[in-house]
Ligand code: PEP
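First, one chain by itself in structure tokens, the form predicted on its own.
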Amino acid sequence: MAQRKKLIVGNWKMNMNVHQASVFIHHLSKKVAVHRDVEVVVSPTMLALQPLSLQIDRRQFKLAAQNFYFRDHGAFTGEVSATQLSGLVDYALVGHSERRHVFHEHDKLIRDKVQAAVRNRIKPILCVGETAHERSEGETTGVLHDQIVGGLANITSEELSSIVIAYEPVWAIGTGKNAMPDDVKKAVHTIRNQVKHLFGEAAAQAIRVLYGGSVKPDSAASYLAIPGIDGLLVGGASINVHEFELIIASAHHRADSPEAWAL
């Protein structure tokens, strides 16, 4: 039975300058072996993308953009388009909780960004998740429904194959609070059921779903063992060579088959 490749994405956020990013990748490349069952992606700041694209071995690492604008070109001072990133990155984060809640990106903009990434042959990683207040009010299912329907509007079944969904409960990001595996399992089931409603069961089984939210080396294996989880979106631990290496190793050991869950 063919293995389902795990996807580990390191979101460096606004950390490391170009030189520091280069040194980090140099050290990480010495530690991380190339595994057929694990795809490793790093998402540095925009300034570091181009020089790192010349430095990395694409069999070992791929690049993701942390942000981009949905228009392909035009008079948008200070913005970078998916068209300009095409060929430079393989993935791009869309709808990350910090973009939603710090920069107030709304559902329509997130939808437009998903479409921009797809038409420029970049795989969008659509981030969805509830806040602490929404969780306490029992609104998790509704929030996930709205964010998935909004983010995937106007996406075709064929285009869906290039999309990744990352479940990141906002209350667990950078807080040190850990989501319990049972809670993550329920959320992932909700996500796949919503995709099934929109695109059918085969699409729901095929789409890759990640977990993100204070992932550390000691918790990575337990999240990767959850049925329906295809990988991790890692924040703070991804800017520590040793910790990120351990998380990648956990993914190699936990790579599983696509039949590991049922809707």
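The numbering used is simple: start at 1 and walk along the sequence shown. Because the structure is a prediction, the values reported are computed rather than measured.
Same protein, other form: the form predicted together with phosphoenolpyruvate (PEP), not shown, and the subject of what follows.
Residues placing heavy atoms within 4.5 Å of phosphoenolpyruvate (PEP) in the predicted complex fall in a single listed stretch, namely 232-240, out of 45-53, 232-240, 201-209, 64-72. Using a 4.5 angstroms limit between non-hydrogen atoms, G228 is distant from phosphoenolpyruvate (PEP) in the predicted complex. Mapping the unseen interface onto this chain, G174 counts among the residues with a heavy atom inside 4.5 Å of phosphoenolpyruvate (PEP) in the predicted complex.
Among residues of the shown chain, E168 is one whose heavy atoms approach phosphoenolpyruvate (PEP) to within 4.5 Å in the predicted complex. Interface membership of N11, defined by any non-hydrogen atom within 4.5 Å of phosphoenolpyruvate (PEP) in the predicted complex, is confirmed. Within 4.5 angstroms of phosphoenolpyruvate (PEP) in the predicted complex, the stretch 193-214 places a non-hydrogen atom from each of G212, G213, S214, taken in sequence order.
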